[in-house]
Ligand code: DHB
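Below, in structure tokens: the form predicted on its own, a single chain.
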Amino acid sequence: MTLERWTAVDRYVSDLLLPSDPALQAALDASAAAGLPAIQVSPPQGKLLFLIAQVQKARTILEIGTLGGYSTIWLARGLAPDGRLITLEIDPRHAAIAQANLARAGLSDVVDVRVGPARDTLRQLAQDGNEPFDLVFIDADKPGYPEYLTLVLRLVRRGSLIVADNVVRDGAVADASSTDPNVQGVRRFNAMLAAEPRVSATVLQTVGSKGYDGFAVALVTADP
């Protein structure tokens, strides 16, 4: 099996189950035109995030890593009525592009894009006594994943769901001797999930147009 075949399957799935969507396509086009890296989730993965938000009946969603706002649009569309989404982005230029994409999708009123280091914003949310998030999606710098998990656990409740992208790294996650900081970051993150008594978690390997990677999914089973 090759990336070409995986991409063909993604295209088949998208053509079959994901009708043409001008706002999502415009977000991809604007991000590409601005030179943003093409590291956003694939369309089938975006639809999965949308469905997870709906199944979770999420009124409050936290996203760590906005980029151009493509996954943000999918998540925000899955919000329950009167729901709110906070998305964190360190790069002001990326955040501006995301805000324009969200406005084009008619979601500016329900999405709050916060600019700055995620760890600082997460600490501030905890200090502010923010309402617990029903769903958290982590898709940012991999060395930061362990700290993000520690901070996120202060912002969730029993029944919340935490989803993290890019935790398989072309299979390199199985190599304990890897010197890649991205691999070591997700290894520490996965180990923390395994050791955390307040969550029940698994990791799913994925293939597709984004290559070989995977998601971690963790259900919070006790109030932190």
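A residue's number is simply how far along the shown sequence it sits, counting from 1. From a predicted model like this one, the values you see are computed outputs, not experimental measurements.
There is also a form predicted together with 3,4-dihydroxybenzoic acid (DHB); it is not shown, and the following applies to it.
None of the heavy atoms of Asp134 is located within 4.5 Å of 3,4-dihydroxybenzoic acid (DHB) in the model of the complex. 3,4-dihydroxybenzoic acid (DHB) in the model of the complex comes within 4.5 Å of a heavy atom belonging to Asn166. For the chain shown alone, Ala172 is not a contact residue for 3,4-dihydroxybenzoic acid (DHB) in the model of the complex, no non-hydrogen atom being within 4.5 angstroms. Put simply, Arg77 is far from 3,4-dihydroxybenzoic acid (DHB) in the model of the complex: not one heavy atom of it is within 4.5 Å.
Against 3,4-dihydroxybenzoic acid (DHB) in the model of the complex, the set Ala58, Arg84 and Arg157 makes no contact: no member has a heavy atom within 4.5 Å.
Proximity to 3,4-dihydroxybenzoic acid (DHB) in the model of the complex, taken as a non-hydrogen atom within 4.5 angstroms, holds for one residue of Met192, Ile39, Ala34, Leu48, which is Ile39. Stretch 158 to 166 is the answer when you ask which of 50 to 58, 193 to 201, 173 to 181, 158 to 166 has residues with heavy atoms within 4.5 Å of 3,4-dihydroxybenzoic acid (DHB) in the model of the complex. Contacts of stretch 129 to 146 with 3,4-dihydroxybenzoic acid (DHB) in the model of the complex, defined by any heavy atom lying within 4.5 Å, are made by Asp139, Lys142, listed in sequence order.
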